[in-house]
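In structure tokens, one chain follows: the form predicted alone.
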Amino acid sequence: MPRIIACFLLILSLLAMLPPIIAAQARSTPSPNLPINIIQDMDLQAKFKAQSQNDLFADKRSQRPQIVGTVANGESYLDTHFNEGVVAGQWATTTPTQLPLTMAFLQRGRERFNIYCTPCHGYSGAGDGTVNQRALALVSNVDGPVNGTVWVAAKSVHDATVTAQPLGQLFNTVTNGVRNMAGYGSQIPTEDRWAIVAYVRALQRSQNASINDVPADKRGGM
């Protein structure tokens, strides 16, 4: 092969190596310049940098404070008794100390129970709510189609499997649901969920109370 042709091929080979070398160098070396984006994909959208000014807010800060009660994903609240119904890894057997068990607290629980729970569980908690009764009637309608309807009957709060549950477990049920029952953690504030639990316990007690449970000075004439 003539020398001139060999030199020409060598030069072409070296030139062909330049693009991948330049690309590798560009990818490995930080650059203060913005990248060239043919398709933007929101790469250059307007934004505020940390500690910059934003006149939209009264405090002129672009960074906004965390919403009260914000917890990092995957992390638990510090007060697991109040927020999860758990104490030392076990279901709590008492209400949180910041929620004293008063008549006003029970009345609040009764009010919230009547709003959220009675449609299925009924006012007495016996599982005889209007929605439950209607659903059971529909699925038992042997004379007509049920259109594939399936219904799991609401459980009575007086059932032995429920009355044996610690307060923390009841709180967890109200918060996260159980079986086919949906949780109400996103709809009912934490304090009100505990109030509901306290009222449920009062309902349970009402079905199994005796005269000895009533203080002597509160008993009526016999």
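Just so it is clear, the structure is predicted and the values come from calculations on it, not from any experiment. Residue indices: 1-based, along the sequence shown.
Omitted here: the form predicted in complex with heme C. The next part is about that form.
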Since the chain is shown here on its own, which stretch among 43-51, 176-184, 62-70, 23-31 would lie within 4.5 Å of heme C in the predicted complex, judged by heavy atoms? 176-184
When the contact criterion is heavy atoms within 4.5 Å, does H81 count as touching heme C in the predicted complex? no
My question is simply whether C120 lines the interface with heme C in the predicted complex - judged by any non-hydrogen atom within 4.5 Å. yes
Can Q165 be called a contact residue for heme C in the predicted complex at 4.5 Å between heavy atoms? yes
So in the predicted complex, does W91 come within 4.5 Å of heme C, heavy atom to heavy atom? no
Taking A126, A198 and V214 together, does each of them reach heme C in the predicted complex with some heavy atom inside 4.5 Å? no
Scan 100-119 and write down, in order along the chain, each residue with a heavy atom lying within 4.5 Å of heme C in the predicted complex. F113, Y116, C117
